[in-house]
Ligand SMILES: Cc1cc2nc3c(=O)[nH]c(=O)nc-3n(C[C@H](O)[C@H](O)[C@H](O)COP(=O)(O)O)c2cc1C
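One chain comes next, on its own, written as structure tokens: the form predicted on its own.
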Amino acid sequence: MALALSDPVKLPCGLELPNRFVKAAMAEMMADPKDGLPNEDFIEAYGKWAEGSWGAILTGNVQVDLEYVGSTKDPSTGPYMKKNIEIWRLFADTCQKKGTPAIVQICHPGRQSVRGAGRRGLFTQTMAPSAVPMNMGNGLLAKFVRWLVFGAPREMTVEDIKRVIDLFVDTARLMADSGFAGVQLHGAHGYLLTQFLTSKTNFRTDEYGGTPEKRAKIVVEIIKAIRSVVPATFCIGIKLNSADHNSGDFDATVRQIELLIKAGIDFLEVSGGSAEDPKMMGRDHLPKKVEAKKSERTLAREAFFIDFATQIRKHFPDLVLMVTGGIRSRRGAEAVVHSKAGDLVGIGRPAVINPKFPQLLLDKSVPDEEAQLVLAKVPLPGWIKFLDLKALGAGVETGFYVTQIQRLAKGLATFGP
């Protein structure tokens, strides 16, 4: 089997990634809550990844609305402000100092904006396509947690929607002017664009809801508007949640992806889960040591969302697909590429523990049995198991790796659970 992971990948916009490994987006929680700008900690951490021989580096999500952010320490932008370009340019230069393209993940949390995050008041409602509250569970405790952390959203007006579109475009233009290679729209994990795309949270009957096409309208308008203000070689990707391809949801998702391709996306990353049901954290998936006798199909299942990606490939053979989640070994990554489920392999948690993980996997002198990084689940305190709230378990998992990123930023050794 040829080492396909070392092959370059050229995106439709013309941007060429030197290999197939992408450092996936992960929450850093290091920005100053006062201005949301990247600081020295970001420079130090991403400087380590810049040395890692990645095909591309995806930043953690950058919130486009200073009023509504996902957590208190998320980086954020707001309306286009030329005075901030130098700060973002330093960030871009650091990520790309060895020639690796850096892509900024941009996001609006919608109803998943926690109380106290952003510049909105503590009791100012979040906003969403429809006034559908978070579902943290049916018990009284779950309902109290939902009220305490998120409150209840209000339905967005058309004016709200137009403002959010402008904020996504402003952020993309700022990143292009700062020297980044592209942006990725965060349309997964229960954030605002996901809330529009799915009928589970979008009950609108106007131009932004009611059919798969109308639910995708906000995303299509964002992509087209970004394309009109950035260079032709600037990359625009999107991260989407997987869907059950045995249900009607899959047909709707296929139709929406078709519209996104026509609007001008360069790649699609397959993910899944939300704050309500955090599949992306893989709490039910514990990687085992990869054995040489395992089949390619079994190896590919290191990836959490491989089945969905495989089905999408059948509909869109030329779409550049990125599969992220659970990939821990050279054999697993190779299997994803050779099965044609993914063109790009997203690596998250192993990238934190070993910022130079691609160098290990691409080194032909390292045996397959050693070209891997197996990570256990983060142990959960007993009280969390007793409460039986999925979001709390995911929060512990996220918190552990956030701490490791912060250690990376301080020049300290990182370690797995």
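Nothing here was measured: the structure is a model prediction, and the numbers come from that model. Residue numbers run from 1 along the displayed sequence.
Just so you know, the form predicted together with the ligand exists too; it's not on screen, but the next bit is about it.
Here the chain stands alone, but in the model of the complex its contact with the ligand, taken as any heavy atom within 4.5 Å, falls in 321 to 329 among 113 to 121, 321 to 329, 126 to 134, 208 to 216.
Of the heavy atoms in residue 60, some are within 4.5 Å of the ligand in the model of the complex. A residue is said to contact a partner when one of its heavy atoms sits within 4.5 Å of a partner heavy atom; residue 17 fails this definition for the ligand in the model of the complex, lying far away. For residue 350, a non-hydrogen atom is located within 4.5 Å of the ligand in the model of the complex, even though that partner is not displayed. Proximity of residue 398 to the ligand in the model of the complex falls within the 4.5 Å heavy atom cutoff. When the ligand is considered in the model of the complex, only one residue from 310, 271, 256, 100 comes within 4.5 Å through any heavy atom, namely 271.
304 is the sole member of 304, 267, 168, 91 with a non-hydrogen atom lying within 4.5 angstroms of the ligand in the model of the complex. In the model of the complex, 186, 189 are the residues of 180 to 195 with at least one heavy atom within 4.5 Å of the ligand, listed from first to last.
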